[in-house]
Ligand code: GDD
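The chain that follows stands alone, in the form predicted alone, written as structure tokens.
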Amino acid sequence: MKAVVLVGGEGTRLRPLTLSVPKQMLPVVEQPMIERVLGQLGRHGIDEVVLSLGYLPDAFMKAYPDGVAAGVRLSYAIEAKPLGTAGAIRFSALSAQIDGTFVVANGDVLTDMDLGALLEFHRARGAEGSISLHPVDDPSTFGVVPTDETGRVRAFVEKPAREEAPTHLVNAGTYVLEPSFLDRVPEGRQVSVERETFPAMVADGTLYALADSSYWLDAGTPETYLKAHWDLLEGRRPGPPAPGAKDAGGGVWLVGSPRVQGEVRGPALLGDGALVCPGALVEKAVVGRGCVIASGARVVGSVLLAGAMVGWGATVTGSILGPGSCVGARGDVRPLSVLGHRASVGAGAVVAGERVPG
């Protein structure tokens, strides 16, 4: 079965990390986010995916030159101009010559949902489209989807006020669609699936939805990007937190051959070639490949991407350090700071909840 995976957004909520790389190529515990999405699809019978590209498309093609990722065959559909969610689905599906039932997923949503159950539900209802739903505490930043007792969608309410939401079941960003969906989407302009196409299907009675309470996370903000790491390290998602990770005990995982001369307290993962110097402390952190934590430094509740460096006596708490970034001696990086690619924090400087470009 084929799927369209939407990865065309600019990832503005994760800037400056996404100024040089699409957010779906950012690692989640040493594995690109897109590979975690594709792996989940592959486990449910998806063997071919077309990536709907817009922003920095070359990053994906360079990363997967043989057209395979996480065991799934890839093709690429590159929008010349933004087409909106429905427009992107149509453009990509036609590019991949999809002519049967297909799946749509968002490239920044990490989930363990039962896609097989959604497909079975879709076929049993004879639906034109079926949406996976997920319960949330605050539905005001999502599309809310009330249904009748058969699962037929009664309305599609985009981002209602919390007190006005008719349900706390929200659009989880995974769909099963029939080819007739493509005929509903006008060519050559931006079309929102949430605001235009799905409401039209509701009016025709052809849209259904199925709730799933499995793990689900929109990893598109600094807070949720960090959470995606902790959920893996703390076992809220099953299995080793990263490919090739070895359990060193005490909640500490190692990939390859890091050098640990200081103190590491779990949950934590150290990537290949990472160095924790004598007198340094790492606690509840992911320290990516080739990172260096100097003597006397403290890294707590943070994610360090490949090659980041934390200088002597510096402190990094609740933050994200981009690839090749550097915190100078006695620097203090406080929650929720985000350092971009090769960004630098000077010796003794304090960064508190700031975005530091490279």
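As the structure is a computational prediction, the values presented were derived from the model and not from experiment. Each residue number is its position in the shown sequence, starting from 1.
A second form of this protein, the form predicted together with the ligand, is not displayed here; the remarks below concern that form.
- Screening 100-108, 224-232, 114-122, 258-266 for residues having heavy atoms within 4.5 Å of the ligand in the predicted complex returns a single hit, 100-108.
- Between the options E158, D272, E178, E283, the residue in contact with the ligand in the predicted complex by a heavy atom within 4.5 angstroms is E158.
- Just one of V276, A209, A88, V287 comes within 4.5 Å of the ligand in the predicted complex, counting any heavy atom, and that one is A88.
- Shown alone here, A3 lies farther than 4.5 Å from the ligand in the predicted complex, counting heavy atoms only.
- Interface residue remark: E128 is not counted as part of the site for the ligand in the predicted complex, having no heavy atom within 4.5 Å.
- In the predicted complex, the ligand stays beyond 4.5 Å of every heavy atom belonging to L305.
- In the predicted complex, the ligand sits within 4.5 Å of a heavy atom of W216.
- Residues are counted as partner-facing when one of their heavy atoms sits within 4.5 Å of the ligand in the predicted complex; in 1-31 these are L6, V7, G8, G9, R13, K23, Q24, in sequence order.
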